[in-house]
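In structure tokens, one chain follows: the form predicted on its own.
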Amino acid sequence: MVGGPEAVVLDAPAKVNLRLAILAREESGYHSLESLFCAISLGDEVTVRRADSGLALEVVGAAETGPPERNLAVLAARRFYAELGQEPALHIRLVKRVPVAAGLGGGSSDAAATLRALNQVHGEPFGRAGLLQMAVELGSDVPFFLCGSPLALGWGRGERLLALPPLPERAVLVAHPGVAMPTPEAFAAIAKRRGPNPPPRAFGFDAAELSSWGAVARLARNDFGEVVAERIPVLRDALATMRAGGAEVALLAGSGGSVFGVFASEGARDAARERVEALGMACWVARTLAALPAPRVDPAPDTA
């Protein structure tokens, strides 16, 4: 390996969907989506370090991330090296803070951070377009974390993205009931509810409308919300508590099972946190981001 630093560290932020509309089901079985992505400060940390040979993954944190060969950071690294035409020779250290299978895009963000870090380690052989093409192949949320902005509209399977100017920073509360909602189950529940021939849906707004939190609040929705709440009823209580506490936007995150609220002040958020925790839910505090994290060169080997 030549051309870049020995190791690069990247924060991998989670995301919330300020809008998530399911537009149609394609003949292939995939669902076409419209989503307003927003990155938040809750995140993992990814360190990519050169090695003599092979690809090793070290996971730090209590989260169960499954077998290494299915980890999105590992898959991203393998995809990168396949495009580069080389065998992998690196160590990935993944510090997990984002809840797994919570609709927050933690694994997707890890994959995007791995692609960005590897590109810097190798002297940036690929432009953004090249990295985005790899990202599309890894999952529908991965391209967002490579689009260059913490706020973006996405359509289809994530391959169509419109980066938007970030909104003013807001306090965020994320809550998880400790119950997973597998994405295939959420889509199956939507398909059952809509029937075999649902009417086509289209977005009814212009991106220029998304210039304030008030405008976003008027357009906020998540089509998974009701079907996921039917399986995990406490989510309704958590969302109602956040809204009663002044949340400008309160929705299911992705296809679940976490929920989030966006607040104008940390005080309002922290007061809502106490009430949501009383429902038996785990909570994290965060903020919306004004910019995506920049890579950092890590000069010394990990000793932890």
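Heads up: residue numbers just count along the shown sequence, starting at 1. All figures in this text were calculated on a predicted structure; none of them were measured in a lab.
Another form, the form predicted together with adenosine-5'-triphosphate (ATP), is not on view; read the next lines as being about it.
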Could you tell me which one of 113, 102, 76, 175 places a heavy atom within 4.5 Å of adenosine-5'-triphosphate (ATP) in the predicted complex?
-> 102
Which of these residues, 157, 122, 91, 96, gets a heavy atom within 4.5 Å of adenosine-5'-triphosphate (ATP) in the predicted complex?
-> 96
Tell me, please, which stretch of 102 to 110, 78 to 86, 206 to 214, 225 to 233 lies within 4.5 angstroms of adenosine-5'-triphosphate (ATP) in the predicted complex when heavy atoms are compared?
-> 102 to 110
Does adenosine-5'-triphosphate (ATP) get within 4.5 angstroms of any non-hydrogen atom of residue 134 in the predicted complex?
-> no
Answer yes if any heavy atom of residue 66 is within 4.5 Å of a heavy atom of adenosine-5'-triphosphate (ATP) in the predicted complex; otherwise answer no.
-> yes
Is there a heavy atom of residue 149 no more than 4.5 Å from a heavy atom of adenosine-5'-triphosphate (ATP) in the predicted complex?
-> no
Consider residue 161 of the chain shown here, and say whether it contacts adenosine-5'-triphosphate (ATP) in the predicted complex, taking contact as heavy atoms within 4.5 Å.
-> no
